[in-house]
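We begin with a single chain expressed as structure tokens, specifically the form predicted on its own.
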Amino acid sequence: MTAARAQEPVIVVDGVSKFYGDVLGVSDVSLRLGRGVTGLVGPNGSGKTTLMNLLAGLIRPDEGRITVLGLSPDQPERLMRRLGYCTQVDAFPAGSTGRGFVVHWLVASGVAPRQARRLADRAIARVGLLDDADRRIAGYSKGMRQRIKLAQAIAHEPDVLILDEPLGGLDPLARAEVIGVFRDLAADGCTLLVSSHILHEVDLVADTVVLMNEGYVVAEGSVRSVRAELTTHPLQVLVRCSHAGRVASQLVARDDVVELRMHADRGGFVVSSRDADRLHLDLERIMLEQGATVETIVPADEDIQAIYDYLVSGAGGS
């Protein structure tokens, strides 16, 4: 694969809108999503599921154009050979076992039965359910049902995975294991679009993020690049160091510092500044002057939760 080919967008959304009668689903959404893992975040009603259903061809846009791997969702037979979709909704045939569910969908997609069983076992093992594969799904926990849906979505080894709230209902250990599966799939060249309310975990797994609110995309890019665009929102930096009180007193009088809060133990503080570059330079200088030993200096809001909260609060133009 050439470098130019690798950089081509996998998912292209051009000016897409979808309405349910008078109710807005998504409005004028345009995206270019490349390889790797993209996190899609936003509250209920923000348009995440509508966008995913549009990408999978389950619904049609009222306006705009979509391609996935160069294919239109109007070409479902070609597209679904290369795309896997894990929905929020549980819809299992009555009496199905985990293995039977995955095998059934592979055979229905045209895979020979023997090959379907082999692919099903590989996918079920990958999500950690092989020991329970022959149990009836009706007896599965919520987390197990989530994992068998993921197994079904990846069993045909798609190039693109669309995963709507795949972490819901998983305990912390299972969640970590599934996130590991996402990382492995991305390393193997699969492109993933993952929606979740568990924002810090999307932060951990995603290369880029798309933040949605009320049917609109309010931000897109890496967490760092999105944060850098918010020039009107002061940067928060968490500092832990020796002589924290003396360092803080040197910072608090600066004209770019809008807030400084000492920690209860007086061993550190959070400082908000409108000039990130100057803040970091001055912190280094002041600490040298004060002979302070640095424990940590990290952005206090360079994570999806902080960016999202800011953007949808109204200050960021939601």
Partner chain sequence: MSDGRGPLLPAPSLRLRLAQAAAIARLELRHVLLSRRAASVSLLAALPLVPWVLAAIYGTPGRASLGEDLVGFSHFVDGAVLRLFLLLGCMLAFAGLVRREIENRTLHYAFLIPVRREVTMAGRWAASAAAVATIFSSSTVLALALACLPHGRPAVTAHFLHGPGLAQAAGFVAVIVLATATWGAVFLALGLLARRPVGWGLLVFVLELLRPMLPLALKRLTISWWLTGFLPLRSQVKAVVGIPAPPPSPLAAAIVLGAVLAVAALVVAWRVRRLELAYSGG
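Keep in mind that what you see is a predicted model, and the values were worked out from it rather than measured. Numbering follows the first chain given and starts at 1.
Separately, the form predicted in complex with the partner chain exists; it is not shown, and the next lines address it.
If the cut-off is 4.5 angstroms on heavy atoms, which of these, S242, S72, S141, S109, is the one near the partner chain in the predicted complex? Selected option: S109.
Answer with one of V178, A155, A206, L235: the residue that has a non-hydrogen atom within 4.5 Å of the partner chain in the predicted complex. It is A155.
Look at the stretches 269-277, 282-290, 256-264, 50-58 and give the one with heavy atoms within 4.5 Å of the partner chain in the predicted complex. Result for this chain: 50-58.
Does any part of R147 reach within 4.5 Å of the partner chain in the predicted complex? Heavy atoms only, please. Close contact is absent here: in the predicted complex, R147 is far from the partner chain, nothing within 4.5 Å, heavy atoms only.
Could you confirm whether W105 comes within 4.5 Å of the partner chain in the predicted complex, counting heavy atoms only? Contact with the partner chain, yes.
Mark T87 yes when one of its heavy atoms lies within 4.5 Å of a heavy atom of the partner chain in the predicted complex, and no otherwise. T87: yes, in contact with the partner chain in the predicted complex.
Residue-level contact is defined here as any heavy atom of the residue lying within 4.5 Å of the partner chain in the predicted complex; does A133 satisfy this criterion? Residue-level check for A133: no, no contact with the partner chain.
For the stretch 14-36, return the residues whose heavy atoms include at least one within 4.5 Å of the partner chain in the predicted complex, in the order they occur. Stretch hits, in order: K18, Y20, R35.
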